[in-house]
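Quick heads-up: it's one chain on its own, the form predicted alone, in structure tokens.
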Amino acid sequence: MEREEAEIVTENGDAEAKKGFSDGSICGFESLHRLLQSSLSPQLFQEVSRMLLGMNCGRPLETVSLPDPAKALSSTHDFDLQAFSFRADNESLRAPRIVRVGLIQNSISLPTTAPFLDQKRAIFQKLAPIIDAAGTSGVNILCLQEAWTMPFAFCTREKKWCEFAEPVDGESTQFIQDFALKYNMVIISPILERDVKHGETLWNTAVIIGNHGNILGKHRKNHIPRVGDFNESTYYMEGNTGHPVFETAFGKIAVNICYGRHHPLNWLAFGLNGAEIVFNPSATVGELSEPMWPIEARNAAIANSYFIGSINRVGTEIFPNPFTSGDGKPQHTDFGHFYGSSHFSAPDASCTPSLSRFKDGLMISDMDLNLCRQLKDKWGFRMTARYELYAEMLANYMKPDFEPQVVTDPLLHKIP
């Protein structure tokens, strides 16, 4: 492989992307892959990339050239911009089903002490050029990060942050609808929802906006963390929308919000309902989850034969009042560094490099959805699964008198 084929570069021209020791960097680099690219010879970097990123149909992922206006927006507004292509094998009876998909990660724009309306509008202003870059690049489906309209204040357990909640058809949806209509783009907008028809109940909700600017539907977060600062049940409880898959003009999509990625059966259910792309908009910090971040979604993409887009916000958000974790640690005013690292995973175990750990970013991928069925045919996971056994086991497990199926060695406790 030639040097230029092995390099992983950003579309705005930063081949090295070495940024000094900024908060969240890895020894001054924006990501592990850029650190490795700078530190290894081309031959070693090629081999390490093969092991870390996998092979798509037996070949390394190819970069995608994006239009100049998108690269100009990336340079002007200083956000990471990367693009790659997942191919599938050519078929005799089906044409390729190529869709262009985008993920946006971002930090907040103003201090959390600023007036709430100013904070929200500043985030709108920050995201507009990134969404424009996606639109001018021809992105068909775009997903934003979890609770993108606000600081991720759920660690504070203060009720004042509930003011950011809005109805499904509220201000942020109207803001996004304009872009969806302008660019013929499906957009997933995760917000803090206020359900005005059910007693002002709050939900962690992803609103799916169709490519005609219509509200296609919504999905509410299935699994609520109660881990350290992330005791989100202070604000909302487990969702009640099941595992919906939304059939769009560009493919069947689903949303597995944040903590749901730790639950294999949650991923499974979206697959059983026919998802071809599942998005995982998240907000998570390094000390809590980073070792799991590159593993869980990739494993789910393999096990369920669909593509996954993983999104994590970036930056450290400082709050005005100290809070505690309930784990003996001293009180603090931030939860930690949101490490970005958004990426795509494919059903053949290949994945893209990650976006920056500390900069706003847009990750774009062309993906041939035919790969989903090709991998189902290859591995036969759906045919070889034993759903009847799992169903029986789960049904028994839910009974109060459940007994685990454990066979004990009769000599285990026998005194010698």
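It should be emphasised that the depicted structure is a prediction, and the values quoted were computed from it without experimental measurement. The first residue of the sequence shown is number 1, and the count goes up from there.
The form predicted in complex with another copy of the chain is left out here; the points below concern that form.
Mapping the unseen interface onto this chain, R194 falls outside it, with no heavy atom inside 4.5 Å of another copy of the chain in the model of the complex. Although the partner is absent here, P291 is a contact residue: one of its heavy atoms lies within 4.5 angstroms of another copy of the chain in the model of the complex. Contact annotation: F246 falls within 4.5 Å of another copy of the chain in the model of the complex, judged by heavy atom distances. Contact annotation for D229: none of its heavy atoms lies within 4.5 Å of another copy of the chain in the model of the complex. Partner contact region in the model of the complex: 269 to 277, out of 124 to 132, 150 to 158, 269 to 277, 317 to 325, criterion any non-hydrogen atom within 4.5 Å of another copy of the chain. Residue in contact with another copy of the chain in the model of the complex (any heavy atom within 4.5 Å), chosen from T113, N214, T76, Q174: N214. Applying a 4.5 Å heavy atom cutoff to another copy of the chain in the model of the complex picks out N222, H223, I224, R226, V227 from 218 to 237, in order along the sequence.
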